[in-house]
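Just the one chain here, the form predicted alone, laid out as structure tokens.
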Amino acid sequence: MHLNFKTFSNALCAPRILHYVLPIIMLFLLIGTIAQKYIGLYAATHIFFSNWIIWAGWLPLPGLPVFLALMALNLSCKLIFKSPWKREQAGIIITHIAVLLLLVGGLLTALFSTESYLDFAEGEVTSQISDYHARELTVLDESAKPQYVIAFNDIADQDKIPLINAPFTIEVLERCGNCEITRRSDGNERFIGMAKNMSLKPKPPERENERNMAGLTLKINIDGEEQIHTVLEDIPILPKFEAGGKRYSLALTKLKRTLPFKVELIDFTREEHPGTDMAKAYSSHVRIIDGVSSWESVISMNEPLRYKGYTLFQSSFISTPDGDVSVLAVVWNVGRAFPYISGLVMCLGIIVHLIVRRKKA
């Protein structure tokens, strides 16, 4: 048993693991960076940087997180079992710890970070933000209160959506992450509203995931009677139906989150290039409201606001007949401090190593 553990630990500590893994990680970074030009940032990040498994047809291949985890395991074993914990090696040990901190930060970022946006007009106060990528199907009651919320990624084509104690059932007839709308030729009395005249067909995703328009065609069974409705993302006219003496509506929207504070837009300003309508710079004068506390700040294109783990960037704006609407990108990244900590620890390790070497000399 002792021999087996020693053999196993020696294998995990072997430097050749790092020698093999590093070129593979570099290859992932190269391919993923090139892929962003053709399939967009979100799709490239999801496929090459976030997935633990990459499917090459029917063949599963290990994704980048697998190799990063293997690299972290190799460095940890080398640090614990093989590194001589002596004063002369202090600088090298501290540097190893810095690299491990960087890998831990990357793992936390990959697992828990979120990217959302907040759009509001002057005078508006809100704490609601919308995810850039995640979408959800919501069944609302007649007072617009959500009764059932289903993640869009959990919905499969030709599948039944599980609903607990609902007076109706929902079956998915058509599903697309980015929809092309075509004229329906097989409509009958079961098709209601938009579904009478339109059919949904999947089309290639846009490079920017937020530009995709998701959609569903749903068959709703109410006491043996079937209705077929089409639900499109962020369409203000919602499909409605009655079941169990109550009225319901269907909405397909981006996933909503709630900030632990409120944001009020006091003023939005933009500067245009002379003689054009093209914006040169724009900024939002906001008030942060957190309980009884409040203060003002300006968020511009190069000056984000950081508070309670959230970073608010001035992303863009939308011109409407009623005035400009400011759009702020809202990023929550639990691992954002790790690169800074890792850099400081690595500098400390190098300084300690140089001091020790100089004393030896």
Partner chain sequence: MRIFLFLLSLFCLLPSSYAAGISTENLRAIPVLHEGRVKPLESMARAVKKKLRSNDSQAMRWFTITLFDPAAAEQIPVFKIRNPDVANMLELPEQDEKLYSFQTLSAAIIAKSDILESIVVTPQDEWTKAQIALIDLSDNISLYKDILSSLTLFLPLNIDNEEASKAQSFVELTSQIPKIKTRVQDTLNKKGEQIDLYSEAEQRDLQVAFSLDLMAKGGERSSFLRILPTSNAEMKSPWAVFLAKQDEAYADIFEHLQTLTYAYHMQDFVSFNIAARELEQSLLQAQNNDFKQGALEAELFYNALSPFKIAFFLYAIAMILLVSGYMMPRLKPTFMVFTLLTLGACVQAIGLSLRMYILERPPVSTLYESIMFVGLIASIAMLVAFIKDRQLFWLYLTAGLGMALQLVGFSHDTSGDNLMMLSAVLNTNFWLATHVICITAAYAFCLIAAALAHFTLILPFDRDLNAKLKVLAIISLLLATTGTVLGGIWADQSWGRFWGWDPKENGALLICLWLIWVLHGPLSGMMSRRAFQAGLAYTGVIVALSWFGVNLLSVGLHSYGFTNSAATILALFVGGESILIGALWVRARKVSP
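Here the structure is a predicted model, which means the values were calculated and not measured. Residue numbers count along the first chain shown, from 1. If you superpose the two forms and keep the largest set of C-alpha atoms that fall within 1.5 Å, you have the rigid core.
The form predicted together with its partner chain exists for this protein as well; it is not shown, and the discussion that follows is about that form.
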Review point. Are any of the heavy atoms in Phe67 no more than 4.5 Å from a heavy atom of its partner chain in the model of the complex?
Key: no
Review point. Is Phe49 close enough to its partner chain in the model of the complex to count, meaning some heavy atom within 4.5 Å?
Key: yes
Check your understanding: So in the model of the complex, does any heavy atom of Asn302 sit within 4.5 Å of its partner chain?
Key -> yes
Review point. Using 4.5 Å between non-hydrogen atoms, is Ala43 touching its partner chain in the model of the complex?
Key: no
Review point. Just one stretch in 318 to 326, 288 to 296, 34 to 42, 54 to 62 has heavy atoms within 4.5 Å of its partner chain in the model of the complex, so which one is it?
Key: 34 to 42
Check your understanding: Which of Gly244, Gly123, Gly275, Pro162 has a heavy atom within 4.5 Å of its partner chain in the model of the complex?
Key -> Gly275
Practice item. Would you mind checking 13 to 31 for residues with a heavy atom within 4.5 Å of its partner chain in the model of the complex? Key: Pro15, Arg16, Leu18, His19, Tyr20, Leu22, Pro23, Ile25, Met26, Leu29, Leu30
Practice item. With both forms fitted on the core, give yes or no for whether the Cα of Phe67 moves by 2 angstroms or more between this form and the one not shown. Key: no
Point to revise | Rigid core superposed: Gly335 CA moves 2 Å or more between this form and the one not shown | key: yes
Practice item. Superpose the two forms on their rigid core, then report whether the C-alpha of Phe28 is displaced by 2 angstroms or more between this form and the one not shown. Key: no
